[in-house]
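The chain below stands alone, shown as structure tokens; this is the form predicted alone.
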């Protein structure tokens, strides 16, 4: 019996992005508005969870009418719409085998429900895919990455309405057909669990005037699950060789103490997080989720045939973002640290990033082993990276802290492979500096490539290689053997 040592030869090294964080040109060539276009940059001292993630219907109305003026960085990105050839050339120089990107639904169907697709949008992505293929880079394409067309919010309150399912499937069918010869790897929804944390971010749902916002977010999730399954069905009909993945923001919970109550709480928190991938892989809602719904007096509108759809069209692989681990406690006393949409008790054994995200490389090995043991389908790390305050000095960025962070995480990913995990690839989040999802700031930098642009979009937009650029290039060249 042979256990693999190191990464397989066709391992997919590369980087990951989202359309709304890099493209810009939010109103060019027929593109419609999306949920991301309402995310305002707010300086740290004025920032709260409510004003940068839980967007209200009044805020949206005021932005549309011009009553509320502000800077909305995701409308401008880093101008990848115009610089994609230059940027992809840099990715190729690093030796990328894969590049994860998303298609903005509103570039293809500006309102989400239009009768005909927008040819200018279709052509843009085709040109991007052709450029990637010219360098031998595999596109890994997310259909919906926090960019629900605003037209669907206006007409249906986003994913609250079942009608959005048919519009999503039509959009998916359109791009599957158009890009059949360019794209092998697809993902339906980015971090699908986020719709239950920030419904507007994850599904274009405005909850502030709903009677039961929590129940609404889980109903919207049910519609996304159905849409994901039906899109998977379409993909297999159009291109049987292509692969469909789901994507989870994996939030690993440890018990805060050996107290059995904390251990039980961690078990339940992990069940809640893994429910999303359970549905995608097993095609059914787990009993633990049914109990959660019952305990919270949530009754989903599940129509005849829905459960059969979920069961019939499951995914080929599971992809995850992994940035941190969390602590579960039945006694919420203690120091709290900030996280990506989440807060957690501070783990005394872990250091934290500039943004308070607890750095836990070993947690990645744990997560990959647990997912493999649970699902026995290929796994794909499609987001992992360090957001930090980078300093450009004399034309250089010395980001040894980023190299250290990635080196430690990739080492643990390699150990997971040697444990027997089937891992498809590793895509570093933000291979080029981009707009932060959660805070819409530019100063939270992830890239191997520095972009000369500040939080208000000012700067030359010049691309500058950081020290980590050459490190990652060498890592890919040696297939992870030389870290």
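Only a predicted model underlies this, so the values are computations on that prediction, with no experimental measurement involved. Numbering follows the first chain given and starts at 1.
Note that the form predicted together with a small molecule isn't included here; everything after this is about it.
Using heavy atoms and a 4.5 Å limit, would one call residue 54 a contact residue for the small molecule in the predicted bound form?
Heavy-atom contact with the small molecule at 4.5 Å: absent for residue 54.
Taking the small molecule as it sits in the predicted bound form, is residue 189 in contact with it (heavy atom to heavy atom, 4.5 Å or less)?
Contact with the small molecule, no.
Taking the small molecule as it sits in the predicted bound form, is residue 446 near enough to touch it, meaning that at least one heavy atom pair lies within 4.5 angstroms?
Judged by the heavy-atom cut-off of 4.5 Å, residue 446 is in contact with the small molecule in the predicted bound form.
Wondering, does residue 429 line up within 4.5 Å of the small molecule in the predicted bound form on heavy atoms?
Looking in the predicted bound form, residue contacts with the small molecule include residue 429, since a heavy atom lies within 4.5 Å.
Identify, from the list 357, 179, 405, 218, the residue with a heavy atom within 4.5 Å of the small molecule in the predicted bound form.
Looking at the other structure, the residue within range turns out to be 357.
Proximity to the small molecule in the predicted bound form, single hit among 168, 146, 159, 276 (heavy atom within 4.5 Å):
When the small molecule is considered in the predicted bound form, the option within 4.5 Å is 146.
Tell me the stretch among 159 to 167, 234 to 242, 189 to 197, 117 to 125 that has any heavy atom within 4.5 angstroms of the small molecule in the predicted bound form.
Contact criterion met by 189 to 197 only.
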